[in-house]
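Only one chain comes next, encoded as structure tokens, the form predicted on its own.
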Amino acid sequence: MSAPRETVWELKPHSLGKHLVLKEYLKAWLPILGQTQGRILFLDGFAGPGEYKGGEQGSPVIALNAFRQHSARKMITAEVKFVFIEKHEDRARHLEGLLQPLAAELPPGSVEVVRGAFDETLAKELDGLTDAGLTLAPCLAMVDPFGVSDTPMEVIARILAHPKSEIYISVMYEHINRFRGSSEFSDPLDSRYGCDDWRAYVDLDDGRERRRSLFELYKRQLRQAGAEHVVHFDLYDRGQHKYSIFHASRHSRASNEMKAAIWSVNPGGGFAFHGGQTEQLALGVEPNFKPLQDALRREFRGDRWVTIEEVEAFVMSDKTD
């Protein structure tokens, strides 16, 4: 999938799936953090123009509306800040115009469109906070690039360094797979993974094992960067793998809410979700509980008593779909 050149482009079914999950997750994230923190931040690292050719909402509008229209908005006491990073001037201008009437309903300074590349812009902002003796507010960062550039693990780690910050990041595996032999992709992949271990897997003959190994490496690197839970799911369009999404956090509740958001989205329009733990498990359809039953047996085998709380903690974690 090549990056679009137009200011706005057509919405694809798999992108719709990704946005539906984001919308559902924000319904939980906003009141949970908004009632316990003084300030929270939604950061969109590759914001785009905010809408598609057919007028469908992009992630910036979805995020703002999730807050504006939230049934529990009056209970959200935190200062909520939205920052949208976009490096293309035409798309940034389009986004500003689109967000202006929505931002007018929020407190001054709640919405900011920043022109620049995600990695450079965020690194500069984080450096400024460090120099001023400040830290990043609890943050949900959406990182949705075309291709593999501008998403270094070093920057991801700086976000995850805050114990209440999370990452919702998409990986275009087919892009990696198609160009894995090109030398020009070596440096971007080193940066994305934060290491060069991916080289041991890109030439595996078994395509499924190649993808599984590269994804497991990415999960390990996210955990090394500070995440304790990494939920992974795949998006398919008419049976073809298009995207993989990774949600990284430090808390099992965040992991649980992300899985609930995925399961709540009803597949349609040609796209479908598949769990990252069990490739055969299609999410959002009639549940097949056998993978969960098998996982519970493996986890709790033995002759000791197991509490309900232990079982719930296991199911909430990233160890099950």
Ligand SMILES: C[S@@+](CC[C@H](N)C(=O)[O-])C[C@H]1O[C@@H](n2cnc3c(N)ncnc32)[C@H](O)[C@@H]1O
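Residue numbers run from 1 along the displayed sequence. What you see is a predicted model; the values in this text were computed from it and never measured.
Same protein, other form: the form predicted in complex with this ligand, not shown, and the subject of what follows.
Contact with this ligand in the predicted complex, defined as a heavy atom within 4.5 Å, holds for exactly one of 230, 160, 83, 142, namely 142. Note on contacts: among 242, 247, 192, 91, the single residue with a heavy atom within 4.5 Å of this ligand in the predicted complex is 91. No member of the trio 166, 226 and 276 reaches this ligand in the predicted complex with any non-hydrogen atom inside 4.5 Å. Remark: residue 255 does not count among the residues lining this ligand in the predicted complex, judged by a heavy atom distance of 4.5 Å or less. Taking the partner from elsewhere, residue 118 is found to have a heavy atom lying within 4.5 Å of this ligand in the predicted complex.
Mapping the unseen interface onto this chain, residue 234 falls outside it, with no heavy atom inside 4.5 Å of this ligand in the predicted complex. Remark: residue 34 does not count among the residues lining this ligand in the predicted complex, judged by a heavy atom distance of 4.5 Å or less. Contact with this ligand in the predicted complex, defined as any heavy atom within 4.5 Å, is confined among 63-71, 46-54, 257-265, 289-297 to 46-54.
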